[in-house]
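Next come structure tokens for two forms of one protein chain, structure 1 first, structure 2 second.
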Structure 1
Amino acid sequence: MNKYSDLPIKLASSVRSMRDFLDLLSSHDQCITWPDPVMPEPDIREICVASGQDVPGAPAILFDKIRGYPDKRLVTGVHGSWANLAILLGHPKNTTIKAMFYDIISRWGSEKAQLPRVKPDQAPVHEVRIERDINLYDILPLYRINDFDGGYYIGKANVVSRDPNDPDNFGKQNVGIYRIQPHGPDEFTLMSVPIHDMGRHMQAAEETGKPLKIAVMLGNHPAMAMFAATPIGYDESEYSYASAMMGSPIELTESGNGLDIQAHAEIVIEAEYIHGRREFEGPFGEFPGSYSGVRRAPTFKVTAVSHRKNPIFENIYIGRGWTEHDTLIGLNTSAPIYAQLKKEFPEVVAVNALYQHGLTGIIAVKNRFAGFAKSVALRALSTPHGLMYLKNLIMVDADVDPFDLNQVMWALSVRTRASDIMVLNDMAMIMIDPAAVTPGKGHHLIIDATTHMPPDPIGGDVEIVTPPSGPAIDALAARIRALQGGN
């Protein structure tokens, strides 16, 4: 058992692959197979959007009757609801977001990674090997995720790359999620930015002329899909991090081009960076809910493909929220910001950076004196993720649950003055903020909604009503629900 639930945690930790997780979800009525034939467009998109309306409890959806792609299988929504994440973490389906946040925090910093090795000739991912006449359009049931995308997209791949200047350093081997657009049977572009580890690897390859080989893993262990997007240190392994966070092994093997890959991945595309080559990429419906522009992006040549028998292509719906992307990375965006702040400010209680990859965040802090919360906010803006993403930041007291927007709105309503608002203009910001005047630059907005403290004037009528709370109130609420159910 874990301290947050009555569900045996070993149930979740027994998952070795995405297939195992789909079976686990099915046993909790959280995975369905779509019964009817579908067109890749617009049917799959529309079903994903409809499913996304149920953020708390939407199931994963497996498609195995895709017109034009006979015998191909596709799954979406694997991380598309809080219920699915709760099951992955070993909780009941109705576990609160706040409880999952504190569970992830309690696992943070564990060094108990388990990464057993499987010989390549025994790894399920190499059951089928393609080294000639490679055609991604034949292998994958591709489609446009949003209707005005500039082409087909692979939106939920785990991409493995090594630092060209330190290729034997396991920690610097990066596993990240990047959007990929095929540009032909055996070529694709990969979009990254310089602050991403993948961006650093491509820049190093470009500057030195050294080769850069990558492995694009599809249909991954659900922990890798979830934790690969967490902004951890450059020399920290995402494999080790994901295994430690799950408290369970993630089996690795070797790809044909020498990279460490998941032994139970559904599909692995091996590719090599084409030096100096750029192709126009985009537009693409991104997580801010807008189409990114068209930009020239680095290009990769596919050299081989391995896959399991009857593989499942996992993709994601992303666009105007709320989407699977928000659920997938929300808690993992919040946790590292919390961990980094907590080292220097133990007064930080919780961080909610669920919204659009942290473009808006809420931090609960035990306020010490006037201006203290603003100082904590400024430190948050200098964390690796805060630097480019924390556009709007709301500071609340420790008695406000940052995951309860009703409480946050109350704090904004009654605990802010004009002097509590700070705007930092012309700061670094992600390229795809649709509100940006100049892509790559923007503002940081801080709203200090904490209680006013000396030496600031306190004001009148500041005594806060403290409603009764605790087990007695919880029991009464449960009785009311039971009485309601009896009606």
Structure 2
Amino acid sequence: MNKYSDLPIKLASSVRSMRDFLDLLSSHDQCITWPDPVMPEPDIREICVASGQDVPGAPAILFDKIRGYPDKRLVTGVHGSWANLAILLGHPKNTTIKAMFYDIISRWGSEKAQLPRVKPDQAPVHEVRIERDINLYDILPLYRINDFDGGYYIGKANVVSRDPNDPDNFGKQNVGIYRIQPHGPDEFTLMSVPIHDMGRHMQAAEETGKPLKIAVMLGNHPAMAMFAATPIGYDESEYSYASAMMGSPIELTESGNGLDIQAHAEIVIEAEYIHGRREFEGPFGEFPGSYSGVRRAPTFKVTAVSHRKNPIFENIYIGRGWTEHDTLIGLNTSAPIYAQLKKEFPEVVAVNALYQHGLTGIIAVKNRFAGFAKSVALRALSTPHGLMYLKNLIMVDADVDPFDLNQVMWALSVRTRASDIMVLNDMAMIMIDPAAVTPGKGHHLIIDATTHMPPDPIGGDVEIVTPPSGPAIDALAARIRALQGGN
């Protein structure tokens, strides 16, 4: 095997925090410190957009010379390229997306969660504690992400909350990524909808009048950022899931307001729900590349802040793609759809739902007979994610790598007839599809780009070239890259 592959595997499992991960990335030239002073706007936005042009290899970027924020540090793009994800998963940084997809699939269902406890007085996150005169603008180097955002968003927080009706249930403790807009020095709105766990908790607090305390974690273990957004069951813990998927421990401690938080988070904002209060929230440049409108959103009061010494505020660039958001959640959007489909259709080979959270998806399937792939596509549309997100679905054969768009375009070019297209009118759709005539409703499109099979009179491909493929060719490709000097 190639001589580079062992090194990141050992190091990746020793990552306990975002800081450790930044060190690991730096050792692979995948984290840089921006050398010049920057203005909060527009410099940070422009640098983030520019780094998004290199989807395969962009580094994380640490800013420590932000004008007007002396001694404050910001990092963006931690999960912003395939190279950074490969290192996180313990692979050489030019590992293919397909290989990372199968790696995540192979980790699926692991139950080896390790969640050691650290006493609060020994947890790095509590090194500095602020309980009075809290000013988020003084603690965090906040800035406007997109031109017309309504405020200075915190876009990569892990938010912990517990069901107000079942506050002692660890499993029902939710960790999710929700966008946060500060409103004043110690208040913020949090965007969630009733179907999300956090939305359920807010709704329960609203209905019962019970208190809802939350902890907003910033600068998280890189596995938490990646896996906390994965749709899992309501009573499963995201901490357990992230630890099992990483195969390494995630150390927990307690926040000042009684929630389980990461002991090595950079910053934790403790807050309490303000019953009945709604403030104007938005717009915000969201993942389809369009602004969400202005709505009135639930509001929280900050009660305390804990942070490590010299903390690093981790934020994300999100807007018109490709952005870090797409890399961060793409594989974890694809994997559950694959797992759910595979149960009934073992012919499914791979699922690529990388594009705008799956608004376009590509599924590779071993075609069995004419029309088979269309039925698999219909099943994909009834998976929990497919229901609202899989708007355009392209079906390809097993000999096409759905993560290689050149191959997908080949299949579209040579295996599709106009009659291979299905349009399903007036189905459920996410609210923020920019193409929607009626938000929340729309058409789903299936393009069957698989081979024509019997009883179709063509009965299979016309003398298609079959180039050599499989592990031997993949190994040769890896060897070519290694000979080139990359790792």
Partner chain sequence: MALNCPRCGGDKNRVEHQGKEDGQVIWTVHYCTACCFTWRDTEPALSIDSTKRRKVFQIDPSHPERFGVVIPPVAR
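We call the rigid core whatever largest set of C-alpha positions still superposes within 1.5 Å between the two forms. Counting starts at 1 and follows the sequence of structure 1. The structure displayed is predicted, hence computed values, not measured ones.
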Shown alone, the chain in the form predicted on its own appears as structure 1
Displaced residue check between the two structures: N392, CA, 2 Å or over, core reference | no
State yes or no: after fitting on the rigid core, is the Cα displacement of P164 between the two structures at least 2 Å?
-> yes
Compare the position of the CA of A205 between the two structures after a rigid core fit and state whether the shift reaches 2 Å.
-> yes
Can you read me the CA shift for V193 between the two structures, rigid core superposed, in Å?
-> 2.5
